[in-house]
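Presented below, as structure tokens, is a lone chain in the form predicted alone.
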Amino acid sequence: MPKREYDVIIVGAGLGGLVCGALLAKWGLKVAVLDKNKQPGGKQIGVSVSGFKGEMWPTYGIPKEASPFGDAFKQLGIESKLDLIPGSNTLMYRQPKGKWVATVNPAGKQEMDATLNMFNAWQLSQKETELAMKVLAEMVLMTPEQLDALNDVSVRQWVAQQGDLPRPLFSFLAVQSNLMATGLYELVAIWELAKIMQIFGGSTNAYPRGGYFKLVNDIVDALKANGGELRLKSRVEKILVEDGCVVGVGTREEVFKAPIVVSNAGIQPTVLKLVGEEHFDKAYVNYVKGIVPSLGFCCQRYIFREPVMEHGVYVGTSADSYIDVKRHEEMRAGIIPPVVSMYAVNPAHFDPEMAPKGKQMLAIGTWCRPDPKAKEIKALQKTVDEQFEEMFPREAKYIEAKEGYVGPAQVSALSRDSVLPGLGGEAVGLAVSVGYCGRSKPSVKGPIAGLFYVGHDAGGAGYLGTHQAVSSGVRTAPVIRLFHEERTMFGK
């Protein structure tokens, strides 16, 4: 086998790996990024079908005022390429008698009126409205010190401390645990949820011109401009270890030598498959196996023959549409909730170039178990189809095609390999729950010299999935740079 030598090899061209690699290349390290797919981007791989462009999953919400994307692009010297377009969004709420009520938030920062309109949709009394306002205000106004004190408190525990909350408010917090933290409210840390709500509630959320894949390409360009390499269709079969130190990686065709290997393939696949359990202490292996995964997400794309969807983002919920531990297990038995929480993004609302003139594409879906073998996915997707027609009877008549039905199986094939039963198809990754987020986030340093992790599983904090991956890339790169300089200083 031919051998190639580098300072750093990064396994996986997701956004975390690309940002990390591009920064290290900019700082003068010889970097190679290897990915098994024919396109870079990982879970944010681009979709281009019949003139429509977008993401495989409904993706939105880059804060214009404070975002890891902004930090990454600034450090890479390409901040002028970060063109973010704000747009309107609609919260759809199904009242107890079946009526769907819409709360429209115009482009820009969320105003107090939007929150009050949401409370009206919930049909809260004046007393309940005052309590709901107090509880949400407490969350978004928490100081860093207050947040830190809640690092090991779950959303369920925190909600219990607030007294008897109106059912719609409880449901809202449970749904946001699914939507924003991609977890179950019994397990998600209130630290994580409050931090995310603070960032996104106080920002102008936007969509990138050209889609997320444009951002991926911008980062790839920065990587290459600084001498870094991107090798696609190069599946890493093994991370090579000698005498307790990484020495490179092996694909089926080649060996790539490097004293530093950064895995963007997920912490569980890295430890249990790419490196191998035999190289780690048993306690560490058990720790890695026990890290709680995010929920999965299954979705589809609707093609409209006319631009009938007025807004950029649609969120549909009810007082009973969240997934908790009980419903998570019921799904395993094929029991689907009568109403599911739905999330949809209309890319052409933000950038008309994302669709042929006079048409639209809507990426829409719901949360599910992360099991690549989950058998309830088709039933969930059918429920989404039926629920959309109930929510938008006029607009549904303009759908000319439904396509792109994907779920945890496709996520696993695209990104992280399934190495444990029921896992691999996580929507964002691991470490979204109490004990594994905030200051308890898994370390970016592996217990083997020269092994590092990047991506959602380690390093990032306080952001939604994609943003947490980018945050990890920004925060992990300096740690790796320091390790490289220490090795260089001592001639290793």
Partner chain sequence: MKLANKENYDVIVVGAGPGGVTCAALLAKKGLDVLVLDKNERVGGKQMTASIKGYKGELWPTGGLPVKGGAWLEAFRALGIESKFRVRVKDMGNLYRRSGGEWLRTVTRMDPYELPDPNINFDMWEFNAKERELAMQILAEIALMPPERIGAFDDTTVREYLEQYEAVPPRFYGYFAFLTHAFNVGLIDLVPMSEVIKAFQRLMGQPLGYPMGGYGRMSEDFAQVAKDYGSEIKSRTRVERILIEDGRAAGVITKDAVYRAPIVVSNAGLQPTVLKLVGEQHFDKSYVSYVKGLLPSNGFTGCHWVLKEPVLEHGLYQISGDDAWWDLDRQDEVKKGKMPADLIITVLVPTNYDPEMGPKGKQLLVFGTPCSPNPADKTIEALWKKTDQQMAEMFPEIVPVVESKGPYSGPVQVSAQSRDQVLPAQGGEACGLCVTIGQCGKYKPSAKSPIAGLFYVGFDAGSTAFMGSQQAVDSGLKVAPLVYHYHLEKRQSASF
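Positions refer to the first chain, counted from 1. Since the structure is predicted, the reported quantities are computational estimates derived from the model, not experimental observations.
Beyond what is shown, the protein has a form predicted in complex with its partner chain; the following relates to that form.
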Worksheet item: Is there any non-hydrogen atom of D371 lying within 4.5 Å of its partner chain in the model of the complex?
Response: yes
Discussion item. Taking its partner chain as it sits in the model of the complex, is V325 near enough to touch it, meaning that at least one heavy atom pair lies within 4.5 angstroms?
Written reply: yes
Practice prompt. Would you please decide whether S294 lies within 4.5 angstroms of its partner chain in the model of the complex, comparing each non-hydrogen atom pair?
Written response: yes
Worksheet item: With the cut-off set at 4.5 Å between non-hydrogen atoms, does D281 touch its partner chain in the model of the complex?
Response: yes
Discussion item. Counting any heavy atom within 4.5 Å as contact, can you tell me which stretch out of 183-191, 142-150, 222-230, 242-250 lines its partner chain in the model of the complex?
Written reply: 183-191
Fill in: Option touching its partner chain, based on a heavy atom within 4.5 Å in the model of the complex, out of Y60, W57, Y436, Y453
Y436
Discussion item. Only one of K402, R235, K289, K238 gets a heavy atom within 4.5 Å of its partner chain in the model of the complex. Which one?
Written reply: K289
